[in-house]
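Take a look at this one chain, the form predicted alone, written out in structure tokens.
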């Protein structure tokens, strides 16, 4: 590394580089959500004041701004509220096959998740998550491989 010190009108300048290392955490609520995914569970935050569950899991309620101190398991199948397909990856590279993403909502839960969906899924489809095998989960949103159509019979 070449270092150079210049003095211009009384201002000192150092040309070089300072190595910086950043680590970002998921935060308290994000960690709780990701640990749930590693166990094959989707968790929503529950506000005791508003009596409402919400996704993504947060540490405060977006309605009353009170603390969200517990989470609840999302047990119902999801429903596709919006759907899109892309032919490009995150870096702008062209993908071999288009990939479908959906905004998925859950009964009794405010908000939802955006994730990949299987072929044949349409807006309004009932879907359920397909998790990776337990030994391959890492506590990532990608522990859910995709959402697929829920073909289980409905119970009343």
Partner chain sequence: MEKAGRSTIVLLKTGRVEIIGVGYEGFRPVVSDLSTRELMFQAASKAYDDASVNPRRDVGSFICCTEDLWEGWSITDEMVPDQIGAAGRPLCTIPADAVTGLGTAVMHILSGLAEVVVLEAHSKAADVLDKNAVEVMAQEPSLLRPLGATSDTLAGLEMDAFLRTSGFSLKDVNRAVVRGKASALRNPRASYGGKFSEADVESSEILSSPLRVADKAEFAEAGIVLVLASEAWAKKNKRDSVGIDGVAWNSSLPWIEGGEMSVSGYAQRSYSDAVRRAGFKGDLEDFDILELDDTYSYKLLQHLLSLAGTKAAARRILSGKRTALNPSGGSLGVGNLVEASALHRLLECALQLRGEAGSIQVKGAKKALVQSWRGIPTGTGGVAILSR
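For the two forms, the rigid core is made up of the largest set of C-alpha atoms that agree within 1.5 Å on superposition. Residue numbers count along the first chain shown, from 1. None of these values were measured; they are calculated from a predicted model.
One more form of this protein should be noted, the form predicted in complex with its partner chain, which is absent from this view; the next part is about it.
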item	value
In the model of the complex, residue 63 touching its partner chain (heavy atom, 4.5 Å)	yes
Interface membership of residue 92, its partner chain in the model of the complex, 4.5 Å heavy atom rule	yes
Its partner chain contact in the model of the complex: residue 106, any heavy atom under 4.5 Å	no
Exercise: residue 111 in contact with its partner chain in the model of the complex, heavy atom 4.5 Å	yes
32, 41, 128, 58 - the one with a heavy atom within 4.5 Å of its partner chain in the model of the complex	58
Members of 115-137 lying within 4.5 angstroms of its partner chain, judged by heavy atom, in the model of the complex	115, 116, 123
Core-aligned C-alpha movement of residue 135 between this form and the one not shown reaching 2 Å	no
